[in-house]
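Shown next as structure tokens: one chain only, the form predicted alone.
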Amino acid sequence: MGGLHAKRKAITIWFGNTRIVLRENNRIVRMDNAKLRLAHPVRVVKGDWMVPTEFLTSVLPTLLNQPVRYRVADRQVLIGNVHPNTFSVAASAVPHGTELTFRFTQPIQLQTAARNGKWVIFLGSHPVESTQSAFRFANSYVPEARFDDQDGIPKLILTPSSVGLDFFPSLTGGGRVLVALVKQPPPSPASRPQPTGNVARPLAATGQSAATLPQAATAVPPIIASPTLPVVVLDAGHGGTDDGARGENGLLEKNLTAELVARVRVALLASGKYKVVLTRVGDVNLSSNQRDVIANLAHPLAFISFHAGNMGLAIPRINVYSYAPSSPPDPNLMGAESPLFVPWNQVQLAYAAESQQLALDLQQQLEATTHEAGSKPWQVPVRVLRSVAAPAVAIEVGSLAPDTNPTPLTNPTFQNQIAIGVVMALAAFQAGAS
């Protein structure tokens, strides 16, 4: 988004060189010199401008110059020539068990976990489309399989009829056929059947997590996230052509922050208490405004940005920052006592006290887990925090410098300590807020 100008009954938004004008309770959308008529009018609810869902398919394609499809049933927007993976399901009886066969139109990536008495099969990162949310089977072993991608991760959730059953998932057919074999355990290990193909080890239907998961940087977390959970937005600093700081061994800040975010994401999802949104996925360029827009659309409990700049010779070292403007804001820009619109560069000021408390909780918990966060939180004009409409902080892990060996920063133990500290800090922050 290139800019925004609001009046009492109208709002003008610039996307690149395209100007869009919306008017409250009006169906007409003006795009430069063109007019588009929506089926329903634009609304303003508690100060938030709301466009009807047909905006996605009537206006966005022109803005993005790409096809846009909105699937109402599962609330997904597909931009560009994205073709979701689809599948069919069949169940067949086997001695002392059942065999479920899922046939996909495209290959999947099999990852499995046991959680809360259910088996979870993660299907990879490509979009998956299901004809229905739940499939029911006429057998006494797995009465139901449910498809879920509310947290952005497509997965199948199998509900066994009882504990103690053995679960053998495997991939065949070039990764397009998933076979889930569910059987009663044999009387002795010697008689246990061994399915062929890419087989994950059996998972017991207990509350314990046991999974064939990858490392944190690419892991799919063993958790069933709920859309009603509070959202935490994680921001991996830099990216794309912006490498950030560089260490003695060539380690780039953008890669280190991506590793840290991946580990923190896994820890947050594994807690079962949060939904996680990432501002940067992959090595891409994102401006501070783009990161803040992503955060504000998520209405998060907290926004946490990770960095690893040149902080001198001390390594590792953790500093936590909340936002403070470089100069006092002009009160004349704020308008009325409770303005409908706040200047973009002053959004974070309304959350200053909460952000300072979140920074303090993070500093205390990171010091407890890493012993490298002894300094009290700082209030500085961190640009990426300036326009976040939520408690927002930046965590800097240093130091990345040409004359400093950054190896301690890549230590998995140290990174996991940071992840644990973030989870503990968010719990403390929520407890204080309540």
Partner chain sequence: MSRRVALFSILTAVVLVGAFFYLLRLKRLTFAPQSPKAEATARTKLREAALEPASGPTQLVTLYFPSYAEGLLRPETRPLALAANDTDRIKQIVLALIEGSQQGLGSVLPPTATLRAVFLTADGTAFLDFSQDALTNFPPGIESESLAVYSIVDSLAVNVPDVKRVQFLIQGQQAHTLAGHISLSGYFVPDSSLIAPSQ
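Positions refer to the first chain, counted from 1. Keep in mind it's a predicted model, so treat the numbers as computed, not measured. Between two forms, the rigid core is defined as the largest C-alpha subset superposing within 1.5 Å.
Although not depicted, the form predicted in complex with the partner chain is the subject of the following passage.
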* Asked: Any idea which of 318-326, 138-146, 163-171, 84-92 reaches within 4.5 Å of the partner chain in the predicted bound form, heavy atoms considered?
  -> 318-326
* To do: Could you work out which of 182, 359, 178, 245 is the residue within 4.5 angstroms of the partner chain in the predicted bound form, going by heavy atoms?
  => 245
* Check each of 60, 29, 382, 389 and return the one that places a heavy atom within 4.5 angstroms of the partner chain in the predicted bound form. => 382
* Asked: Are all three residues 8, 307 and 378 in contact with the partner chain in the predicted bound form, where contact means a non-hydrogen atom within 4.5 Å?
  -> yes
* Looking at the partner-bound form in the predicted bound form, is residue 396 within 4.5 Å of the partner chain by any heavy atom? -> yes
* Interface membership of residue 311, the partner chain in the predicted bound form, 4.5 Å heavy atom rule -> yes
* Asked: Does any heavy atom of residue 254 come within 4.5 Å of a heavy atom of the partner chain in the predicted bound form?
  -> no
* To do: Flag residue 238 as yes or no: does it have a non-hydrogen atom within 4.5 angstroms of any non-hydrogen atom of the partner chain in the predicted bound form?
  => yes
* Asked: For residue 47, is the C-alpha shift between this form and the one not shown 2 Å or more after core superposition?
  -> yes
